[in-house]
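Next up: just one chain, as structure tokens, the form predicted alone.
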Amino acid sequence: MSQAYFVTGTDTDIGKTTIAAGLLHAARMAGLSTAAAKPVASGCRLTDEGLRNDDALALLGECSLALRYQEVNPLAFEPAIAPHLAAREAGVLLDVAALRGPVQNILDKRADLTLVEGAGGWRVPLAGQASLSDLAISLRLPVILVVGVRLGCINQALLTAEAIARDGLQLAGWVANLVDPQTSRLEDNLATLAERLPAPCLGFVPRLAKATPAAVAAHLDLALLDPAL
């Protein structure tokens, strides 16, 4: 068994990495092998080993396969700005061709569960008129959508789901991640999302005192993603 998914979100800073790490942790606890890729990341910090991204490090920490950091995050940029702008400042051509090879290398390792995490939302720009969604399209990866639950999330989630379907990809599942604990009519919002999104809800993750992969995994159900998992 080898399953791979592209993880996207309804916006930036809505917990894609938190959820992805939780899914990987749940898989590891079920005895499955895991791998991950964060093909491009901005907002990296300079260390003795080079540029490092906290999200990529979190994913690497939940990979059961022996992967090097550069395999998980091949393109790292220091400025905390949109990746295509950071790449342009660094003189790097950020296109699908630059990302596809490193991600395919991870996919070829054929872990039981492989997650490829995007940056921001579905239409994050690359060079020219390309978007990061074109990477998922080129690899034909089914998509897991992280919905940052707050005011306006229903519209964002439905528009993202429509774009994924229009691009010819399967929405394999979605996760509700509570971003704003003061969200009004929370249960009604969740019910509306469940009624309208064409995929199973893999779980609702509340605000956690410590959102460790183990704590997040307790709120997720991998079997709803794929019975084989």
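From 1 onward, residues are counted along the sequence shown. Since this is a predicted model, take the numbers as computed values, not measurements.
Although not depicted, the form predicted in complex with a small molecule is the subject of the following passage.
Of the candidate stretches 165 to 173, 60 to 68, 28 to 36, 200 to 208, only 200 to 208 has residues whose heavy atoms lie within 4.5 Å of the small molecule in the predicted bound form. Contact between Asp221 and the small molecule in the predicted bound form is not found at the 4.5 Å heavy atom cutoff. Although the partner is absent here, Gly120 sits close enough that one of its heavy atoms falls within 4.5 Å of the small molecule in the predicted bound form. Among residues of the shown chain, Asn177 is one whose heavy atoms approach the small molecule to within 4.5 Å in the predicted bound form.
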